[in-house]
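Listed next as structure tokens is one chain, alone, in the form predicted alone.
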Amino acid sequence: MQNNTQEFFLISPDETIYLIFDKFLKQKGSLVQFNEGKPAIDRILQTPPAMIILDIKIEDISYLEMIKLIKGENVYLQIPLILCLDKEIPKEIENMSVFDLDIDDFILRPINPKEAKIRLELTACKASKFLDANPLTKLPGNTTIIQKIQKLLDAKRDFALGYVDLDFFKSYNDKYGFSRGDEVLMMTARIIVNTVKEECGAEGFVGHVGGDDYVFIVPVNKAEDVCKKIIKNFDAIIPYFYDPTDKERGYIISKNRQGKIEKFPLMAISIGVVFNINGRLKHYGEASQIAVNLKKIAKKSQKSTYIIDRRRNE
């Protein structure tokens, strides 16, 4: 809880709760209040917060359904969720196992501000220690990605693994700076997440390896549609991240890796996809290396491209 740009979401109609949490959370970032659950879900899908405080008193949707919607998405599973309860525990969760009630902590009314502050800080500390979410996009990082791939391989599940990379991102960063580069990375993450969610729902997975490298896992029959949609949306949006002059002429002038001035095309996106069918692959390293190699081939084109390895069990 060190980054002052972090957002914390409070989903509650209770203004008193907002005033209590805002008093100490404003030192860490900003507290955004939602009086209802559905608008909060829409915002979470677009801009994942650092933490969610959920009040059982929301009325437009069941708080248990809210927990399922948030924690049921593997992309947002890692966001700490604290439940605000009445002193008398609701009957529907009284006999539930802590494993079934997928929350990270809870706070009881009437709220003690000092206790609430400690609980929130402990929850954030645990999240930072044990979760490997990318700090920029909040997407699952390398540890989660590896575990996800290996789990599917061990279960002999059919799936398509895609590696995504941006072309000419370094030249963009060098010219426009890291802040604008981060905006591109966030936009790319949203495109991939939204595409995978729209095409595959809960069957999809998206991770952020780091920098401008991403991973997605989707059903085999959805892979090509996902690639096409990611490329279509990326190519439509990316020109607007350039200054008007660069956008109009279709390239930027920047230094290459040797420090020499060079013309660089507008950014493109490259995707390499490997199919695991009939238990063809055994180890995550094998699956990821094939996908990475395909991505490297795709990057030889200066346009957004995807390449799919459709082999089954050769």
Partner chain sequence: MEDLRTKRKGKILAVKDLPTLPPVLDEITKMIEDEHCTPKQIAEVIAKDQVLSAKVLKMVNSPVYGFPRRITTIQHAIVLLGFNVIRGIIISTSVFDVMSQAMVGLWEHSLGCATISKIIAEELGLKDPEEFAVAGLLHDIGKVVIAIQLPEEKEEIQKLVAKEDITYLEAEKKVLGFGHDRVNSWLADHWNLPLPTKVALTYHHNPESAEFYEKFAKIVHVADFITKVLEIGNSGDELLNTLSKKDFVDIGLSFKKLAKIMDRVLEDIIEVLTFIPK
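Numbering follows the first chain given and starts at 1. In this text, the rigid core denotes the largest set of C-alpha atoms whose superposition between the two forms falls within 1.5 Å. Here the structure is a predicted model, which means the values were calculated and not measured.
Below, we turn to the form predicted in complex with its partner chain, even though it does not appear here.
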Q. Do residue 76 and its partner chain come within 4.5 Å of each other in the predicted complex, heavy atoms counted?
A. yes
Q) So in the predicted complex, does any heavy atom of residue 168 sit within 4.5 Å of its partner chain? A) no
Q. Does residue 178 reach its partner chain in the predicted complex if we count a contact as any heavy atom within 4.5 Å?
A. no
Q: Answer for residue 46 alone: is it within 4.5 Å of its partner chain in the predicted complex, judged on heavy atom distances?
A: yes
Q. Based on heavy atom distances of at most 4.5 Å to its partner chain in the predicted complex, which listed stretch, 281 to 289, 24 to 32, 50 to 58, 243 to 251, is the contact stretch?
A. 243 to 251
Q: Could you spot which one of 142, 233, 150, 173 gets a heavy atom to within 4.5 Å of its partner chain in the predicted complex?
A: 233
Q) Given that its partner chain is left out here, which of 190, 119, 228, 109 has a heavy atom within 4.5 Å of it in the predicted complex? A) 190
Q. Any chance all of 15, 17 and 103 sit within 4.5 Å of its partner chain in the predicted complex, going by non-hydrogen atoms?
A. no
Q: Go through 192 to 228 residue by residue and record those having a heavy atom within 4.5 Å of its partner chain in the predicted complex; state none if no residue qualifies.
A: 194, 197, 198
Q | Core-aligned C-alpha movement of residue 275 between this form and the one not shown, 2 Å or more | A | no
Q: Say whether the C-alpha atoms of residue 68 and residue 229 sit closer together or farther apart in the predicted complex than in the form shown here, given that their separation changes by 3 Å or more.
A: closer
Q) Looking in the predicted complex, are the Cα atoms of residue 226 and residue 41 closer together or farther apart than here, the change being 3 Å or more? A) farther
